[in-house]
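Quick setup: one chain, the form predicted on its own, written in structure tokens, and binding and motion questions come after.
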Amino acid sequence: MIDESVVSHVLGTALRTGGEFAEVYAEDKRSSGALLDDGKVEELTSGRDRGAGIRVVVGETTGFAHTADLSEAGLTAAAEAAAAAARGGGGGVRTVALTRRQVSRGYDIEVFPDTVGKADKVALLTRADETARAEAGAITQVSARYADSRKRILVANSDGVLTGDEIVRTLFWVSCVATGDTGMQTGRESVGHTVGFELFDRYDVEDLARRAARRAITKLEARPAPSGQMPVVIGSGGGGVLFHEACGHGLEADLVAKGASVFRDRVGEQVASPLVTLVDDGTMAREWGNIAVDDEGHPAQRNVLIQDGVLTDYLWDHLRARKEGRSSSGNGRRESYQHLPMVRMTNTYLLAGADDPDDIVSSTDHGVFIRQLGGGQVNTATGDFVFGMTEAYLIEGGRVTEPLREGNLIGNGPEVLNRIDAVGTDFAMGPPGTCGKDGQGVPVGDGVPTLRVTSLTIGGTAAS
């Protein structure tokens, strides 16, 4: 995207007024999407975003400017603006010698989505719509969405780093509404990976549509969710967002440094059940949060955050790691060239345990089985959280029985970690997600095996 000599000159300009650290992040992103709603194509979009962000650091002050002009003049102007914001005055010249860092994500993209015609993408949506409606007359609404993106990035900084990545992601989502005597119920399914159009060689959109439709139909017969504290079994794949929100954010070094994390100053302490090993791994091939390098140019890593219940480390970006005299964990991420990087998760998951998933359910006399959690909120300073249950069932006498209407799951992250008394062998990653933080969204993945929490609060409308 930018000639190496230009990058070196721009970094030198950024440092000329006394900057201690300077960075250029450039990206060129192409994307396309389509939405089918009730059998009609409502959206058919394509776009391109191209630009660069320049960051200059002086002490505790960061100057940042971004531009869509990738010419040497445009980049130099942005560098001067960022440097002025960090600290004015100074002078002199500083030359930055760049060493190119080669990276690989370990697999190839087989079919770049931008080589596939729009008609073929819309055909996927039509197949999903027809399949969902064929499941039952109760299906009254169907929406299906396709999206893809292909992004090239370049990262260079005054430490001599020069690297880049090409990230291709493809997503498919279907939502069905079933209508019956109890009103309307919704079922959703989605799949997304850091791959090309070959995603649809691995996943059948008709199968996704059938599952979404059946989920909506099943919920027509659902009873009100109970209320009160009880054992909760979370199914494989569907509950990873609980760990992303309830403890993942609290392990991000920026929140720890601000005193906004319940896990502050607890490295080396037992913070969870010995059955819990929590990992954040940007190297997971093809998963939604997969990266080759983070948005500060550091290679993606597999970071063990909690090992056998003991807190081992936090997630780090470049600046906070530099301040502490340690290495980045490869978790500096940003939404686009118009944003500063911050500490963010990639693929966060709980390792599989030794318990048989069926035994976990059969040894639970009474409780709730959650197959899929929805969105939630967490207070990282206290660990308190609330999540929606989008698919849940009653457990009676060690058996999964009646479906439940959507309710809330309420608890505290550290307490949940310590109340896990069974972890299954059936690990799976969940659906693709977007993590929001300080106004920025980035793609993330999460996953869990089947597990049991001895006591959680269910916020339903029926007596327990």
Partner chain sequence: MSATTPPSVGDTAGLLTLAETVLAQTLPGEHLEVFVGRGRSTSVRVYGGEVESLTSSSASGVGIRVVTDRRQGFAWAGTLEPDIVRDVLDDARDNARFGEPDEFQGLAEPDGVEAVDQDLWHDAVLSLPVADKIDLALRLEQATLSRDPRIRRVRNAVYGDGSGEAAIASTTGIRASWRSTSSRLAVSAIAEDGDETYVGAFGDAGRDHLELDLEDVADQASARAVRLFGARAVPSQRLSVVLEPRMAATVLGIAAGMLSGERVLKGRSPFADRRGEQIAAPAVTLVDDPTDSRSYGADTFDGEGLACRRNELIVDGVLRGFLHNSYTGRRSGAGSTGSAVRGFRSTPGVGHLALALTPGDRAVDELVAGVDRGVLVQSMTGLHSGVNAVSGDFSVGIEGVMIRDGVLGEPVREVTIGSTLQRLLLDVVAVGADLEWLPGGSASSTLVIGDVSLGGT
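Remember, predicted model here, so these are calculated numbers, not experimental data. Positions refer to the first chain, counted from 1.
Just so it is clear, the following notes concern the form predicted in complex with the partner chain, a form of the same protein that is not shown.
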item	value
Touches the partner chain in the predicted complex: residue 64 (any heavy atom, 4.5 Å)	yes
Interface membership of residue 227, the partner chain in the predicted complex, 4.5 Å heavy atom rule	yes
Interface membership of residue 160, the partner chain in the predicted complex, 4.5 Å heavy atom rule	no
Contact test in the predicted complex: residue 198 vs the partner chain, heavy atoms, 4.5 Å	no
Candidate from 81, 154, 279, 191 lying within 4.5 Å of the partner chain in the predicted complex - any heavy atom	81
The single option of 76, 328, 143, 236 touching the partner chain in the predicted complex, heavy atom within 4.5 Å	143
All of 40, 338 and 386 with a heavy atom within 4.5 Å of the partner chain in the predicted complex	yes
Which of 209-217, 363-371, 114-122, 349-357 sits within 4.5 Å of the partner chain in the predicted complex, heavy atom basis	114-122
Interface residues of 241-272 toward the partner chain, as seen in the predicted complex [heavy atoms, 4.5 Å]	255, 257, 258, 259, 260, 264
